[in-house]
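Quick setup: one chain, the form predicted alone, written in structure tokens, and binding and motion questions come after.
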């Protein structure tokens, strides 16, 4: 990582491949799914047999437009598929169907938050393409194996301008992009399963310069953590070479997750002409009508930034709004709660604290949470209406509801004898028992140790077996101790 006091700066651009959540591949009906027996989700088209004709996946086009709209991109209503020619053992046709000069989405922009500051990252383009297969090098000592199940899987490639200046900025961007594709329901964004992969173009230049240094491209980084590691290692490697007076060669490198190193895999001056792009003769132009574009725009969900602003407007803290909108399923659960609740802050507190803590402990998502939003709100209302105290609700009723979500919270609280006692006679009796038990503490309180009030209330709660109303106890003790 470049020293902030150094006269050198890191310049980073990204190419992020997003695997789409379609049922079939980009140009044929083969199934798309993670895992499975190798070479079983294939056909003559995905294998590139002579005479086969590709047919574009309409859903890939729709998903590309949705992501383009979310990133503020220009939507090109006429675009073309091209052939990108290069040899890989796991690329059956010997070329990849992609988009070159006429991508479906043009320039856009996305803002990332770095602490209290916002930074704009320019999007150069988003284009549609197909994935290659997978080479497997660790299952045979003499041979590489090929699994073509992934060949032809629909991808979107998001290409940024070289606007990043640190690995931390890249991590924030990748998190935000993953959040967006999940909100749009176009990809699960699981980098560990290959649903998002990142190529990092890294170069070094003197601060204040406008020209770029020779870049090295680190290919196929498969996690946000590894992206940060790869960028920091590669930046430090280049800085050390520059400081020794050695010229950086433009090259393609791979990242070794075990060692944290980047390694040269291809030394080249690779540019577009090396790929011999030309329009795919088998696929007609992709034409997006005004009506189709309008329909896709109308189907767009509310995105996290807009939802976050709406929640803050309802009185939530920026932190709570950030937590709630971090995942679409969590936001959906919260807004469902609001349809039954008149107290947005109370619902947010329970979701961001008690529910989130349980989900983390159980290692499940909100989709697997057994208590419905309606039932959860009914339980919260028992607390808000002083029918049950917060401690009993959190430690007793909430765990019981998880096991018996079909029972109404009021009925379950009644069965468990958790409803608060608001009988003033009983309250006075509990106060007297505590004061009689601790005469020395009473004397200390009256001499100025006001912090003892909490101890008195805690003792009364024990005597009442959690049924006392803490607010009423507080008032009763204050009145009695003032005598």
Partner chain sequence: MKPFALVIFFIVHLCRFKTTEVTLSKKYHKLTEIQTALQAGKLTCVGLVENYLENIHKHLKLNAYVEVFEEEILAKAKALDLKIQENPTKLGKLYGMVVSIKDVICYKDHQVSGAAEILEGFTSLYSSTAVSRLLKEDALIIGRVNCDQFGMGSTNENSVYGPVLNPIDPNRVPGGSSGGSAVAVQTDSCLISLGTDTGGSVRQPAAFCGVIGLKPTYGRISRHGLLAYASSFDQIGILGKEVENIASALEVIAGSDEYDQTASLEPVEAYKEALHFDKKVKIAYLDAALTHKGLDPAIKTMTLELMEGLKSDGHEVEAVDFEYLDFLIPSYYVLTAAEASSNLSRYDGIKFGKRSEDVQSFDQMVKKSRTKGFSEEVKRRIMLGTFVLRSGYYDAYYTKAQKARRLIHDKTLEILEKFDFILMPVSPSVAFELGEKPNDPVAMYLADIYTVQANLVGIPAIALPLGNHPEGLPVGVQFMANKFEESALLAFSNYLIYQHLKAKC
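Bear in mind the structure is a predicted one, so any value in this text is a computation, not a measurement. Residue numbers count along the first chain shown, from 1.
What comes next is about the form predicted in complex with its partner chain, which is not displayed.
**Q** Its partner chain isn't shown here, but in the model of the complex which of 433, 53, 426, 33 has a heavy atom within 4.5 Å of it?
**A** Looking at the other structure, the residue within range turns out to be 53.
**Q** Here the chain is shown alone; which of 44, 439, 458, 451 has a heavy atom within 4.5 Å of its partner chain in the model of the complex?
**A** Of 44, 439, 458, 451, the residue with a heavy atom within 4.5 Å of its partner chain in the model of the complex is 44.
**Q** Using a 4.5 Å heavy atom cut-off, state whether residue 93 contacts its partner chain in the model of the complex.
**A** Flag for residue 93 set to yes.
**Q** Quick one: is residue 148 in contact with its partner chain in the model of the complex, heavy atoms, 4.5 Å cut-off?
**A** Yes, residue 148 sits close enough to its partner chain in the model of the complex that at least one of its heavy atoms falls within 4.5 Å.
**Q** Would you check, heavy atoms only and a 4.5 Å threshold, whether residue 49 touches its partner chain in the model of the complex?
**A** Yes.
**Q** Hey, in the model of the complex, is residue 308 touching its partner chain, heavy atoms inside 4.5 Å?
**A** No, residue 308 is distant from the partner.
**Q** Want to guess which of 281-289, 356-364, 328-336, 207-215 is within 4.5 Å of its partner chain in the model of the complex, heavy atoms only?
**A** In the other structure, the partner sits against 281-289.
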